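Listed next as structure tokens is one chain, alone, in the form predicted on its own.
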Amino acid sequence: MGLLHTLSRLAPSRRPAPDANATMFVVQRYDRTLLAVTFLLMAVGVVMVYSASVVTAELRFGDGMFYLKRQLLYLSAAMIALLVGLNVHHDIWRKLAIPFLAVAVLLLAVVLVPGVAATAKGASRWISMGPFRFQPSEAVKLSWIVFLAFFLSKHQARVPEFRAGWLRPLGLMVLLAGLLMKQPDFGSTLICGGVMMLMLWAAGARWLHVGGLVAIAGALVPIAILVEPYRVKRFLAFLSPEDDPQGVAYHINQALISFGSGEWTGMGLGASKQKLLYLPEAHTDFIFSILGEELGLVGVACVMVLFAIFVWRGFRIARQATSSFGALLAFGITAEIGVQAMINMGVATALLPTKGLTLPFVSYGGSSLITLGAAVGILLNVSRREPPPAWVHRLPEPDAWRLPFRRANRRKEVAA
């Protein structure tokens, strides 16, 4: 409640008009419902991370609270990022859309440099920073949404035209997909591609173009699965988990055992048996399974309702935004969080093949939690519906970040 009180003071609802006899100017508050839901999901995450990781942490580090301490540290950083996002006008991100995406893509390339990246289980997705690791793909998701919101809001009138509205986003998506798949990170590639299609649809793209792109993506996904033997094994395990219960289908079977053990009300908080080294990644990718085992169907339903409320409020913010950039930015952030939550829950319940995606706000992880905190802060800033301050207008427009020869060509086109 202390943080809520601080945030309410930072966003007052009323302020006096210059003329004492005039009426009061009403300033829109940030969306408190969305903030409360975010805090509830983070609180659930702290409890479940400790419960799911205590045994693993004790065996690996001799400290059952190792992951809990780190999660609380990450949560503190996420709160700072949220406060910054809330109090910095979102139009600044429009101005910085191109350099923000460029830095994120550069970090994706750095991950592929031998000796720089931290490798785990055959994947190079992290940059080592002393005792901590940073995952650039999390920053890429947010920067990609910011760029798409900028580009589509600027060219919204031409989005129905395939060449004007689709070619540049598609070209950049191919670049991102190439870098992400090189790690490999199939899950983040799907998230970025899915968010792009949703944002193009929201910006007014033709159904024919959206349907065609979905069909092409549907054809490429099987190819991406077939080129990697481990993906083929995962997909076959998803289709028939009973064929190899102790091999490649081990994750799926143990996750289903967790949910089956939880029944309606669960075994009780902290009473999970699957976290006793039976279910791998219990505090990260499969934390939803542990939640189902300990809190049962009731707990699972509560978490799903919280995510549903988050998505509802996020789309409401997008619908009420005062600018096309703010609307698309809010829509993209909400869609990304909602889609990732659905994929994680689908994997944990064996409705989707196994993918390495965390449950937003709940799973253990610093890069994800801090980036999500910044994203929620930006979403709350959009919900305030305030015009940008005067000094923001003095910042260079995104076109100023283009290469000099591109600006020269543009001047020639205008002159012609």
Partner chain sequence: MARNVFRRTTAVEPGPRRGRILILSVFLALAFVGLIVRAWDLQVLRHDHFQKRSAGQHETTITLRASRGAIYDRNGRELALTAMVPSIYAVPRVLTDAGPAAAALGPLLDLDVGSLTQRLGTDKAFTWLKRHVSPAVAKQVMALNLPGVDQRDEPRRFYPNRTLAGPLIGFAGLDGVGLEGIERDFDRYLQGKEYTLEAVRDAAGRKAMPGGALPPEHLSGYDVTLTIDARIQQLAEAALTAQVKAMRAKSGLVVVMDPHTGDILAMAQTPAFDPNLFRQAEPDDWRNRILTDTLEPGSTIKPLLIAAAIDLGKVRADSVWNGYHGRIKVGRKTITDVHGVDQLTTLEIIQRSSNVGAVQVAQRIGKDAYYSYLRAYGFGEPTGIGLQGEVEGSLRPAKQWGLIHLATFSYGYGFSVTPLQMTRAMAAIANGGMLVRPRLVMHVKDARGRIVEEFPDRHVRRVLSAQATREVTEGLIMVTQKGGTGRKARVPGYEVAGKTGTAHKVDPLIRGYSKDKVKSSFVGFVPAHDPRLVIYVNVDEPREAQYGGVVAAPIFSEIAREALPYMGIEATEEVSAEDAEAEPEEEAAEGLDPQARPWWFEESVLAGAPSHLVVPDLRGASLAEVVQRTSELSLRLEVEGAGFVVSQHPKPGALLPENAGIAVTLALPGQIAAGGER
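Numbering follows the first chain given and starts at 1. Model, not experiment: these values are computed from the prediction.
The same protein also has a form predicted together with the partner chain, omitted here; what follows describes it.
In the predicted bound form, the partner chain sits within 4.5 Å of a heavy atom belonging to residue 259. Within 4.5 Å of some heavy atom of the partner chain in the predicted bound form lies at least one heavy atom of residue 319. In the predicted bound form, no heavy atom of residue 183 sits within 4.5 Å of the partner chain. For residue 44, no non-hydrogen atom is located within 4.5 Å of the partner chain in the predicted bound form, even though that partner is not displayed. Listed stretches are 216-224, 141-149, 96-104, 304-312; the contact stretch with the partner chain in the predicted bound form is 304-312, by a heavy atom cutoff of 4.5 Å. For the three marked residues, 128, 166 and 174, no heavy atom of any sits within 4.5 Å of the partner chain in the predicted bound form.
A heavy atom within 4.5 Å of the partner chain in the predicted bound form is found for exactly one of 388, 353, 356, 64: 388.
With the partner omitted here, the residue from 109, 342, 84, 232 that has a non-hydrogen atom within 4.5 angstroms of the partner chain in the predicted bound form is 342.
Annotation for 197-219: interface residues with the partner chain in the predicted bound form are 198, 201, 202, 203, 204, 205, 207 [heavy atom within 4.5 Å].
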